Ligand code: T6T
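Single chain ahead, by itself, as structure tokens, in the form predicted on its own.
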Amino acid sequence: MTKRSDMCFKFNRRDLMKAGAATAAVTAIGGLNYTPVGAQETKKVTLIQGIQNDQFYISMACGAQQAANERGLELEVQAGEKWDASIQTTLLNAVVQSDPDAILIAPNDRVAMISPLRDAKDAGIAVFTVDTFIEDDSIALANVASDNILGGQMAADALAELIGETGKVYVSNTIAGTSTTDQRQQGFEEQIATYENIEYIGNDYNNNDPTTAASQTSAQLQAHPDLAGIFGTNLFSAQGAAAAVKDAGRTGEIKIVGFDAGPQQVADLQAGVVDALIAQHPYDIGYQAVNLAADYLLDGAEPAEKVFTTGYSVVTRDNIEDPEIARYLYVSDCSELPETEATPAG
């Protein structure tokens, strides 16, 4: 059968580009400060990342900044120090008090963040969700994200191929109630069940902590010495699982598919500890979300759809040097972006 893991989805930014609002305004991201030039009544947008110091969200912010530059928006980026709905609610409330025209947010919980986001909407702020979502779809004008069920299915197919479609597999997940990783696990479980000779032994939640993920994976290796494969549902899960396999001296024996493509995961892939990465396109998520916000704030155009999905690339040791793959590896700073990524085709 055709494996979903063989697919590489591409995103064309030309479809997002709109003529007409190209004033040259740029703002601060990271440690850089810019002054808006020639903008009248510059619209202000705040991106609230899911968590600090995550290369996925840093890459997303780079795409958001590029779109803000092109569309003449002032962009501010905020993030909490932990993946925690109560921390994010406090941060969101402070952002609302600063009165931006739009908020782009990766909700830390699909239920707990409903009420504070409703308050933001009631304050007259346009709300867009990125990456994750909330269960009340009447609040956000649109959600821009990966199709996470599909991503989980792709991970299952990739892992099945790596282990010869036989053996025990395990999932290292983050925090229950997180929409993206819940869906990745769902897609993985649904797809792995189609392989008759693969036994799924279940999952653990690691609280988005690689040290916890490593400890849990070590316990699974003790309980199941014949474990054949592991799926890590995000950057920290895959990083922790890889560390445990390495510490057990079973690198290459136990196959690992990780979600996301941060620098440590890429290093693990190149070292043979991780065998495949399901790379999202976070730059594209930020770029598209800001363009949707710009269309709404500058042109009065509401999004045509409630959900916009970006693609995936399956990264392996065989294709990691391919420019069409390498461009989707996550960065720690926007200066690390390849030229083709930092300057979208127009």
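Nothing here was measured: the structure is a model prediction, and the numbers come from that model. The numbering used is simple: start at 1 and walk along the sequence shown.
What follows is about the form predicted together with this ligand, which we do not show.
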{"query": "Heavy atom within 4.5 Å of this ligand in the predicted bound form - the one residue of Thr180, Gln216, Asn173, Asn143 that qualifies", "finding": "Thr180"}
{"query": "Listed residue that, although this ligand is not shown, lies within 4.5 Å of it in the predicted bound form (heavy atoms), from Asn206, Gln185, Thr132, Gln88", "finding": "Thr132"}
{"query": "Contact label in the predicted bound form: Asp284 to this ligand, heavy atom within 4.5 Å", "finding": "no"}
{"query": "4.5 Å heavy atom contact, Trp83 to this ligand in the predicted bound form", "finding": "yes"}
{"query": "4.5 Å heavy atom contact, Asp260 and this ligand in the predicted bound form", "finding": "yes"}
{"query": "4.5 angstroms heavy atom contact with this ligand in the predicted bound form for Gln280", "finding": "yes"}
{"query": "This ligand in the predicted bound form: contacting segment from 230 to 238, 113 to 121, 195 to 203, 134 to 142, heavy atom within 4.5 Å", "finding": "230 to 238"}
{"query": "Partner contacts in the predicted bound form for 54 to 78 (non-hydrogen atom within 4.5 angstroms of this ligand)", "finding": "Asp54, Phe56, Tyr57"}
